[in-house]
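A lone chain, given as structure tokens: the form predicted on its own.
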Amino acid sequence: MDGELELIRRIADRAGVRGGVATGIGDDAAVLDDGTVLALDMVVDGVHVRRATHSFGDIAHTALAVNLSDVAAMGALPVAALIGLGLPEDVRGDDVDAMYADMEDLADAHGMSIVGGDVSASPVLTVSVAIVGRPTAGIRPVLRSTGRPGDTLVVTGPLGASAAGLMVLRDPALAAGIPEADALVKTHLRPRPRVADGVHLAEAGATAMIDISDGLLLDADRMARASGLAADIDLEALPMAPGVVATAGAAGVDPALLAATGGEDYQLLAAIPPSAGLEPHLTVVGQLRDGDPGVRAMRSGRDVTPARLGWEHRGA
């Protein structure tokens, strides 16, 4: 079975880009000639979420949030979304009400509208969201493929909270003595897209950007390869969310590698010129340079890149 990245490559090889489209398959979102961005992500029970741990509201919030994160990664603002629901027989009308209540709250918070969609019977609960966004006036969407040698790599906030929260959900005993455990779980259940940060970085001159959905190292690798560059990530520089170190210690795993590979943080990774000013909440975590395309995880000057960079939706 092909892995996710190989499958996407095979699809892209067969999907032509015709008039009106500036950027097709291969970025966080497609871009039309007028700068409109289009993205689609789905959330599937048993793959991305589990009804045993996620409420219907959690699942719906996540489905819309991950699409908002794709728009954020382009430096754009969300405008509208279409929702596709695949519903098993045991899902009731009240459950759907709860899903739309939470999606509408999130849409309202970002000034966007849910404008339609589709509903179908399905053996597993599936929420598919197609989203439309637009950049601010005078700013083109930021691609992952336009980084430059010497660019500084920054992240918009702490890492590892979602991965640590998932660990606590799977093994509640890990929460003992960790006061931040509930906050870690909430971060996993209710991801917060960084739309305002994406717009700020685009306006500040970011040369490339990607959201950290599948792990910092894997997404940095994607940015580096798309830009034809090498990316060095300094594990000792990573900002980690409160409670991550303690949770990783309780589970017997390296906290920096958990933060670098755990995924579902939905922070943004951006490449910015060295001369650009940094907002206080942005953290420098590495650099783009000439070299063989790909990512290296560095610790005290040594290459400690793990075999597994992050999470792929399909295994090889």
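The first residue of the sequence shown is number 1, and the count goes up from there. Predicted model only: the values in this text are computed from it and were never measured.
Not on display, but discussed next: the form predicted together with a further copy of the same chain.
> If contact means a heavy atom within 4.5 Å, which one of 279-287, 37-45, 264-272, 246-254 is the stretch that engages a further copy of the same chain in the model of the complex?
Stretch 37-45 is the one.
> Is G294 part of the interface with a further copy of the same chain in the model of the complex - any heavy atom within 4.5 Å?
It does not: once a further copy of the same chain is placed as it appears in the model of the complex, G294 has no heavy atom within 4.5 Å of it.
> Would you check, heavy atoms only and a 4.5 Å threshold, whether D94 touches a further copy of the same chain in the model of the complex?
Close contact exists here: in the model of the complex, D94 approaches a further copy of the same chain to within 4.5 Å, heavy atoms only.
> Using the partner position in the model of the complex, report whether R134 sits within 4.5 Å of a further copy of the same chain, counting heavy atoms only.
Judged by the heavy-atom cut-off of 4.5 Å, R134 is in contact with a further copy of the same chain in the model of the complex.
> Examine G84 and determine whether its closest non-hydrogen atom to a further copy of the same chain in the model of the complex is within 4.5 angstroms.
Within the cut-off, so yes.
> If you check in the model of the complex, do G205, A226 and G228 all have a non-hydrogen atom within 4.5 Å of a further copy of the same chain?
Zero of three within 4.5 Å in the model of the complex.
> Can you pick the one in V49, A65, L258, A30 that has a heavy atom within 4.5 Å of a further copy of the same chain in the model of the complex?
Going through each option in turn, the one that passes is A30.
> With a further copy of the same chain left out of view, choose which of I139, A237, V79, M240 has a non-hydrogen atom within 4.5 angstroms of it in the model of the complex.
The option sitting close enough to the partner is V79.
> Could you run down 103-125 and flag each residue that has a heavy atom within 4.5 Å of a further copy of the same chain in the model of the complex?
Stretch hits, in order: E104, A107, D108, G111, M112, S113, I114, V115, G116, G117, D118, V119, S120, A121, S122, P123, V124.
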